[in-house]
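First comes one chain, alone, set out as structure tokens in the form predicted on its own.
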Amino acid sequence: MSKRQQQIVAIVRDRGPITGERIADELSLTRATLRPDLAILTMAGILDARPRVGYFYIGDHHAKDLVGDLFRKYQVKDYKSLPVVVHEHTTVYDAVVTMFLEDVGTLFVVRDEGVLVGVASRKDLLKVAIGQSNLHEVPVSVAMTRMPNITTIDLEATMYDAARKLIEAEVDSLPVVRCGSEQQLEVVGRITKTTVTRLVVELGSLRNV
């Protein structure tokens, strides 16, 4: 737990039930500042909350890995967004246009039936553009990172797994895949750093007392 979360637990353990407003007053903070911490502690089973009563202490058996435990409860299939894909024969020019129109930083490159063959980032496309190639003729497959040098995530994986892979691979998004015929990977979605951030915000706003 963070130092502030430890302070919250100590206050609730000693003085509970206590409202969020009173906890905020004790720490000289605003209720909005404390809301994410209270939500995490409540969902982790350390505190409980009841309307018009307040927070009260339950225990701290999950304290070692609060955020990790929470993220392991959510699956990629429930948070994935639509993938932005281009065919491997698409020109670099058209890929750049697609990236601009869709307002994304990464394109997933597929062959027929949505089979993943590569990933093209802004940096990949910029390298080709700087090389002064004819962008109307060069296929995006020339610029992309190819399989198997791509980090992917399965539908059944947890959001904790997705967040970990985003950090370890140092990428902005992951293609969500499922295994199709001949063990080929079919792109069915994407998970981005924004997806993870939105989940953090969602977790922080689940409980209000």
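Note that residue numbering begins at 1 and tracks the sequence as displayed. These numbers were taken from a predicted model, which means no experiment stands behind them.
Omitted here: the form predicted in complex with ligand ADP. The next part is about that form.
S.K.: Just checking whether Val119 would be counted as a contact of ligand ADP in the predicted complex - the rule being heavy atoms within 4.5 angstroms.
M.R.: Output for Val119 is yes: heavy atoms within 4.5 Å of ligand ADP.
S.K.: Does Thr42 reach ligand ADP in the predicted complex, with heavy atoms at most 4.5 Å apart?
M.R.: No - in the predicted complex, heavy atoms of Thr42 and ligand ADP never come within 4.5 Å of each other.
S.K.: Is there a heavy atom of Asn149 no more than 4.5 Å from a heavy atom of ligand ADP in the predicted complex?
M.R.: Yes - in the predicted complex, heavy atoms of Asn149 and ligand ADP come within 4.5 Å of each other.
S.K.: Is Lys123 close enough to touch ligand ADP in the predicted complex, meaning at least one heavy atom pair within 4.5 Å?
M.R.: Judged by the heavy-atom cut-off of 4.5 Å, Lys123 is in contact with ligand ADP in the predicted complex.
S.K.: Can you pick out, from Asp172, Glu26, Asp161, Asp154, the residue that has a heavy atom within 4.5 Å of ligand ADP in the predicted complex?
M.R.: Checked against the cut-off, the match is Asp172.
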